[in-house]
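First structure 1, then structure 2: two forms of the same chain, each alone, as C-alpha cells.
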Structure 1
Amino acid sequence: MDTLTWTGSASFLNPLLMLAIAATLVAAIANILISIFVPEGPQQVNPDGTIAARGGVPGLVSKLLYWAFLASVGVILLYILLGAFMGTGAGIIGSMAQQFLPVWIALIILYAASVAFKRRLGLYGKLFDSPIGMIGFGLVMFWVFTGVFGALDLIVTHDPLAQVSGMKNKVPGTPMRGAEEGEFAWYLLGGDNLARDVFSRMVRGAWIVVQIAPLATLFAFMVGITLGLPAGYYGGRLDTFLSFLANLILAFPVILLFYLLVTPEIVATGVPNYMATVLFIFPIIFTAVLLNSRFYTQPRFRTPLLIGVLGVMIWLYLSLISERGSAVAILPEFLDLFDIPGGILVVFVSVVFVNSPTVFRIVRGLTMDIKTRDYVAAAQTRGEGPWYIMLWEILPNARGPLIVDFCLRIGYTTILLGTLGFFGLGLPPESPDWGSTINEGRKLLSIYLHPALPPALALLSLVLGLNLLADGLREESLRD
C-alpha cells in the first residue's frame, strides 16, 4: 500500500492555489505600502450616503486583493469538494475532507436554515449580514460539529489513545502494516512519539474544548452577572467589598493559582471541590431571582415554577459537585448524573474562578452607566423592585457588550485550556486535548513537525473564529 501524497489526483489544482495565494500576498503588501506612503484624498460619497469605492491605483490594488482572496478560498473549496467525492484518491486532503463529511453537511444545513430565516432570528440572524461574522461563525461551528461528531466516532479513524506498532513518528499519509478489514489503512496526519494517530487525537481534542470552554465561560458569566448587577446598582459598601475581592483575585498570578490547585496535597484537602460547591451555586441563585422578580405578582404560577425549575437545577448542581471518594460526596451513586474526573473538575473550577472577576467588572461598569437612563427611572416610578429593574431593565440593555465579551472569553478560555494542557496541569497525561498534544509534539519539533502542528493550527483557527464572530456581533449590535 502506497503512502498518500497531500493532494493525490487533485494535484492539478496546486498551481492555481499557489498563484492565488501569491497574488493575495502581493496585493496585501501593496495595499499596506499604499496606505502608508500614499496620502488619502477626500472620500467621495454616493447619492444614497454610502462611501464610494476608491479609484486609481489604490482602488485597483483593493480590488486585486479582494478577488485574489476569493480565488484562494474558491480553490480550497474545490479541494474539499473533490476530496469529499474522491477520498484517498485526492490524497491526504481528500481523505480528511471525506472524513469531515458529516461536518460539511451539518454546516450546509445550518447556514441554509439561518440565511432563510435570518429576519426572524434577531441578532443571530443579523450576523449573516456581516461577512466577517459569517466567516467567524463558520470556523467556530466547524470545530463544534467536529467535536460532537468526533465524540460519536463518525470522524476519527483510529482510537486516539491506541498505540500501533511501527507507526511511531511516521510522516502524514503513512499506511499501516497489516491493517485489518474495516480498519482505516492510513495515519492521515502521521503518528506521534507514542505511535498514536495525530488526526484522531486532534479531532477528539476538539470535543474536550467544546465541552469545557463554553460551559466554564457560561458559569463565569453567571457568577459575574449575579454579583456585578447589585454592585453597580446599589454601590456603597457592597460595591467596595465586591470590587476589592475581584481586584484581589485578578492580582493573583494565574499560572501560580493553577499550579496550587492541581498540587496533590491541595487536591487531597478538597479545596477544588469546595470551590465548585460555592461557584456552581450561582446559576441557581440567578435563576431563582430571575423567575421570582418576573412572576412575583403571580404567586400561584410562580411557586410551582420555582419548585420545578430549582428542583431540577439543585439535582444537577449536586451531581456536578458530588464526586465519589472526594471531600464532597453528597449524592448516592444511583442519583449522581455526572461522573466528572477530578482533573477536569479542577480545570473547570480554575477557569471559572479566574474569569468571574473580569466579568464582574464589565457588568458592574455597564450597570452603573445604564441605571441612569430614563427607562430605569420610569421602572422605579412604576414601583418595580430593584432585582426586577436589574434583571429585566438593565441586563437586557447590556446584552450587546456581554454577548461580544462572551465570544471573546470563550477564546481566552480555549487558549487557557491549551496552556494548562501544555504545562500538564489538571488534565490526564494521555488526554488528546490540544495543549497536551502540542507539548508532546514540541519535544521533537526540530525533526518532526506533524505531531505538534495540527493541534496548534486547530487552536489558532478556533480562537480566530471566535474573535471574528465577536467582531461581527459587535458590528451588528451597534447597528441595532
Structure 2
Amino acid sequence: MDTLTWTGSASFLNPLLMLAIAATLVAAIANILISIFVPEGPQQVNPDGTIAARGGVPGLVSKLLYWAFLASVGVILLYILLGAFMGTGAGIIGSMAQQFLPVWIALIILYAASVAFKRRLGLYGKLFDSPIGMIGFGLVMFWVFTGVFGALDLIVTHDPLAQVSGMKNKVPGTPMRGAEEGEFAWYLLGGDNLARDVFSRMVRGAWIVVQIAPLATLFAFMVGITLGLPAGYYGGRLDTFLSFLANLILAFPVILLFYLLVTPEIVATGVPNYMATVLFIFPIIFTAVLLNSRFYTQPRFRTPLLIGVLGVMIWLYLSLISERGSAVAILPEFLDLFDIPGGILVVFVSVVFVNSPTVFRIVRGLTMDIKTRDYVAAAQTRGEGPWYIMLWEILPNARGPLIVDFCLRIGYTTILLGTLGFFGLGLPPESPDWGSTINEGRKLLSIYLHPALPPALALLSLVLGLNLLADGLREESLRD
C-alpha cells in the first residue's frame, strides 16, 4: 500500500485554495490600508433611518474581501465534502474528513435546528446572529462532538495506547505493515516515538478535556457564587476574611501550587481527598439554599423536593469523594456508585481550587454593584430573606457577565489542564490528553514535527473557539 499524500486525488483543489487565500489576504490588507488613508466614503440615509452603503473603492475592496473569504471557506468545505465521500482516495485530509463524518452530521443537524428556531431560544438563539459567535460555537461543538464520538469509538482509527511495531516516528500517511482485514491501514497523522497513532490520541485527548474542563469550571462557579454572594451582600468581616483567603490563593504562582498539590506523594497523604470533600460540598449547599429560599413559603412542596434532590446529591457526593483505599472512605463499597481514579480527582480538585477565587472576586464585585439597585431595595421592603434576594434577585441579574466569564474560564481551564499535562503532573504518562502529548512530542521536535503539532493545534482551536464564543455572547448580551 502506498503512503498517503496530504490531499490525494483532491489535489486539483490546492491551487484554488491558494488563490482564494491569497485573494483574502490581499483584500484584507488593502481594506486596512484604505481605511487608514481614505476618509469615510459617502453615506446614504436609508428610509428606515439607518445609514449604509459606502461606495467607491473602499466599498469595492470590502466586497472583494467578503467574497474571497467566502471562496476560501467554500474550497475548504469542498475538501471536506470530497473527503467524506472519497475517503483515503482524497489523501490524509480526505480520510480525516471521512473519519469525522459523525461530527459533521451532528454539527449540521445542530446548526440547522438552531438557526430554524433561533427566535425562540433566548440568548443561545441570538448567538446565531453574530458571525464571530457562530464560528466560535462551531469550533467548540466540533471538539465536543469529537470528544463524545471519539469515546464511542466512532472516530478513532486505532487504539490510542496500542504500539504497532515499525510505526515509530513515521510521517503522516504511512501505511501499516501487515494490516489485518477490517483494520484501518494507515497512521493518518503518523506515529509518535512509542509508535502510537497520533490521530487517535488527539481524538481521545478531546474526550478528556470535554469531560473535565466544563465540569471543573462549573464546580469552581458553584464555590465562587456560594461564597461571593454573601461576601458582596453582607460585606464587613465576612467579606474581609473571604477576600483575604481568595487573595492568598491568587498570590500563589499557579504552577507552584500544581507542583505542591499534584504529586503522587501528596495524593498518598489524602490532601486532595480532603480538599475534594470541602470543595464538592458547595454545590449541595448552593442547591439546598436555592430551593429552600424559593419554596420557603410552601413547606408542603419544599420538604419532599429538598429531601429528594438533596438525597440524590448527597449520595453522589459521598460516592464521589469516598474511594477504596484512600484517606476518605465513608461509604461502604456496595453503595459507592463510581470511583474516580486518584490522578483525575487531584487534577480536578486543583483546577477547581485555582479557578474559584477569581470567580469569587467577580461575583463579589457584581453583587456589590447590583445590591444598590431599586429592585433589591423593593425585595428588602417586601421582607424577603437575604438568601432569596441573593439567589433569586441578584444572581439572575448578574447572569450576563457570568455566562461570558464561564466560556472564557472553560478555555482557561483547558489551558491549565494542558499545563498540568505539559509538566507531567497528575494524569498517567501514557494518557492521551493534549498536554502530555505535547510534552512527549516536544522532546524530538526539531526532527519530528508531527507528534506535537496536532494536539497543540487542537488545543489552540478549542480555546480560540471558546474565546470567540465568549466574545459573541458578550456582544449579543450587551445588545439588549
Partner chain sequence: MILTALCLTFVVFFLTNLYPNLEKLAKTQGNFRMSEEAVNSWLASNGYDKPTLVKYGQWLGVLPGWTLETEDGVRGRCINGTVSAEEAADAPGLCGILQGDWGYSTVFKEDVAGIIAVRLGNTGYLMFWVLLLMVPSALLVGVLAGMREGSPLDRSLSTFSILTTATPEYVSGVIFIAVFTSSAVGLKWFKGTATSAMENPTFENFFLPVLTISLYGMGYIARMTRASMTEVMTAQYIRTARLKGVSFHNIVLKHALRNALIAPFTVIMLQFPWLLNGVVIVETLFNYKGFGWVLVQAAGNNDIELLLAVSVVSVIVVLVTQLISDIGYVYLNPRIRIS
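Quick note, the numbers are simply positions in structure 1, starting from 1. Under this definition, the rigid core comprises the largest set of C-alpha atoms superposing within 1.5 Å between the forms. Just so it is clear, the model here is predicted, and its values are computed rather than measured.
- One of the two isolated chains is the form predicted on its own, namely structure 1.
- Residue 153 is not among the residues whose C-alpha shifts by 2 Å or more between the two structures once the rigid core is aligned; its shift stays under 2 Å.
- Superposition of the core reveals a Cα shift of less than 2 Å for residue 298 between the two structures.
- Residue displacement note: residue 369 has its CA displaced by under 2 Å between the two structures (rigid core superposed).
- Comparing between the two structures on a rigid core frame, one finds that residue 64 has its C-alpha moved by 3.2 Å.
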